[in-house]
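One chain is shown next in structure tokens, namely the form predicted on its own.
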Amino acid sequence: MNKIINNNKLLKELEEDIQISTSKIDEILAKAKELRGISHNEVLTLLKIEDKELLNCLYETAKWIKQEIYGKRLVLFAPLYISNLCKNECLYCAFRRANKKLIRKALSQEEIREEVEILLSQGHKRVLLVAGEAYTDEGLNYIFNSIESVYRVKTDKGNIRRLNVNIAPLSVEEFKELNKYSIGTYQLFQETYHEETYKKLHIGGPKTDYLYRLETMDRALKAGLKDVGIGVLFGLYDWRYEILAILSHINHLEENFGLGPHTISVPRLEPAFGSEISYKPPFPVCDEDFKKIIAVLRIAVPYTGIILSTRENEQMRRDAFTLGISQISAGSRTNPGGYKHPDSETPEGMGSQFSLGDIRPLQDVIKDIVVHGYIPSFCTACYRLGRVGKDFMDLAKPGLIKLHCLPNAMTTFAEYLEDFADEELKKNGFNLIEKMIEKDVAKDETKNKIRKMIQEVKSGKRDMYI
């Protein structure tokens, strides 16, 4: 029995006629600025907004909340696809097992090390390990060995400091084994919370079990994992339903485990080789509705990181910066071995999971972020200092986390500028850091501490954080 998502209740609520007024929206948005989230019914009301003026108010509130909690920064990471082997038949995905034209590949441990070396040479410090939902003959040990391989790589440009993991659902015992390894967030998407749609789109393999996938985060938290990340593939079903379902899932986790997800991912369905559905999404999400998705989620769960991938094009990613996005991937490849062989993204069928909307290299993305006044962050301090799970939420919910995150973003960005940036970016980047120290750091003592750490970075010291 599904005790997490009340399907009939959500569908009935979406059919109800909700009266929208400026005063009512103003009241909800004022409450949102208290940084404690808003109620289920208030979310329903925001989902009904169509008026452009009210939409702008919604967007401005989301922007204000994001900056209050996280500051004006964006965390950067890269996905590392180690395998596209899969035993599932998901009709929207290029990895589906019936796609015989897709070139299959599981990277060896040596190939994984080569991919990591390339990511380090570009400036990355955070990686999301991704694998199709089938492994080599090693089974789950393939994942464990791969985690160790990633962390083992050390170059003159540093090492990977945080590895998040996106792999198939595990049992409680398997999660306990995974928890012995130094991972950051365990990430898994429900794809769609609408059970009938889920069953139509997942027609073969273990992934056909809707409830087993839905209860994955329960098992992960029972096994002792501290941070989990959830998400929906928007375009498979009504986006309004999916938002209400995400919030139902979050409420379930908070009521049963005392904390919600560390992150929410908001990918839109993009063309995937060998998947007819991906070219004509069942419930397409236009750009304006996508902006609303991001803004409403930021307002509803202000303390949770929201992740935007390179599925989106450059302009949408710029727009999303101001709506509540706190993490983005950059310079991504979605096929095993894609960093060593970047041309393997084309032609179609060379092993990629989906088409990319933003194909710019990491440095170009960073330049764009800086132009728009944001600090690119490679910070991993919370993870390594134990500010995870409930401890992280205790800092995030009242907006205290940015007292750590903004200085750490500046020092990790300074590292990038010293080690990887061209002269133009280096100049603009350090100017932005100094400007933000003056404008966004309140205490003189903290300003001096940040400037001292920046100077130590310039002198050759690395991995500075508070």
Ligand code: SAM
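Everything quoted here is computed from the prediction, not taken from an experiment. Residue indices: 1-based, along the sequence shown.
The form predicted together with the named molecule exists for this protein as well; it is not shown, and the discussion that follows is about that form.
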{"item": "Within 4.5 Å of the named molecule in the model of the complex, all of Gln122, Lys367 and Asn431 (non-hydrogen atom)", "value": "no"}
{"item": "Heavy atom of Phe77 within 4.5 Å of the named molecule in the model of the complex", "value": "no"}
{"item": "Arg213: touches the named molecule in the model of the complex, heavy atom cutoff 4.5 angstroms", "value": "yes"}
{"item": "Contact label in the model of the complex: Thr197 to the named molecule, heavy atom within 4.5 Å", "value": "no"}
{"item": "Interface membership of Val130, the named molecule in the model of the complex, 4.5 Å heavy atom rule", "value": "yes"}
{"item": "Heavy atom within 4.5 Å of the named molecule in the model of the complex - the one residue of Tyr181, Phe175, Phe257, Phe189 that qualifies", "value": "Phe189"}
{"item": "The single option of Leu356, Leu247, Leu225, Ala272 touching the named molecule in the model of the complex, heavy atom within 4.5 Å", "value": "Ala272"}
{"item": "Listed range touching the named molecule, judged in the model of the complex by heavy atoms within 4.5 Å, from 272 to 280, 68 to 76, 286 to 294, 371 to 379", "value": "272 to 280"}
{"item": "Residues in 152 to 185 close to the named molecule in the model of the complex, defined by a heavy atom within 4.5 Å, in order", "value": "Asn166, Ile167, Ala168"}
